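Shown next as structure tokens: one chain only, the form predicted on its own.
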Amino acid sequence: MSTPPISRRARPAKAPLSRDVIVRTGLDILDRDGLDALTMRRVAKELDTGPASLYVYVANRDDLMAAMLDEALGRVPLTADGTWRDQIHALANATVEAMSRHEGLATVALGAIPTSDNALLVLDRMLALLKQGGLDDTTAAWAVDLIYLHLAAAAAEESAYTTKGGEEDDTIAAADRRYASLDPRRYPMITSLRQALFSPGDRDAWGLNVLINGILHTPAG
């Protein structure tokens, strides 16, 4: 006995397409199946539509990933307690965490000037904090560009550890073993400073402090 055809009216209605729906679907695919699985065709399949329908809302895959990055940055808290330095550290940590949470998004930040809504909110808040620190307008403007580049690079590194399925400690241990095997006659400084090179500590906070201290003592122009 053949199964009667299902009426189109009996099927559940598809959710209406929008840029937000496409972006959220892209993030779901990215988190579930990885960067290689994120294609316009795959997003369209998840939404039960054709790829051509997506181009009404996003120009291409690069535009989609930029929108996904901005969606992630929308979770960054823009206010925190403490001094202006404390607040910059909190903002920086939250930005790195947001960028690195989803594979490949930090590299989007590395390759573009921030122009999307949430990215601009992060930059605007950072500019306000730098001005609280006493920087002149030009130095604050140049500083925010430098700091944002530093945060994107830190996020890309953190995301790479997650993508490879390993832990940062495992990567460091493997590098330490490699350095320990080096010939000191060929690599005298690396071998003599090996313990210092792998010494523990909060390098993220130290690196940001290096940038801030340098910025405070190096006016632009």
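So that the term is clear: the rigid core is the largest set of C-alpha atoms that superpose within 1.5 Å between two forms. The first residue of the sequence shown is number 1, and the count goes up from there. Values in this document were obtained by computation on a predicted structure and should not be read as measured data.
In what follows, reference is made to the form predicted in complex with the DNA, a form of this protein that is not presented.
Asker: Just one stretch in 175-183, 43-51, 188-196, 25-33 has heavy atoms within 4.5 Å of the DNA in the predicted complex, so which one is it?
Answerer: Looking at the partner contacts, the answer comes out as 43-51.
Asker: Should residue 39 be classed as touching the DNA in the predicted complex when contacts are defined as heavy atoms within 4.5 Å?
Answerer: Judged by the heavy-atom cut-off of 4.5 Å, residue 39 is in contact with the DNA in the predicted complex.
Asker: With a cut-off of 4.5 Å between heavy atoms, is residue 57 one of the residues that contacts the DNA in the predicted complex?
Answerer: Result yes; residue 57 sits at the interface with the DNA in the predicted complex.
Asker: Taking heavy atoms only, is residue 211 within 4.5 angstroms of the DNA in the predicted complex?
Answerer: It does not: once the DNA is placed as it appears in the predicted complex, residue 211 has no heavy atom within 4.5 Å of it.
Asker: Heavy atoms within 4.5 Å of the DNA in the predicted complex: does residue 21 have any?
Answerer: Close contact is absent here: in the predicted complex, residue 21 is far from the DNA, nothing within 4.5 Å, heavy atoms only.
Asker: Core aligned, does the CA of residue 53 move at least 2 Å between the shown form and the other one?
Answerer: Yes; residue 53 is a residue whose C-alpha shifts (by 2 Å or more) between the shown form and the other one when the cores are overlaid.
Asker: Once both forms sit on the same rigid core, is the C-alpha displacement of residue 37 at or above 2 Å between the shown form and the other one?
Answerer: Yes, shifts by 2 Å or more.
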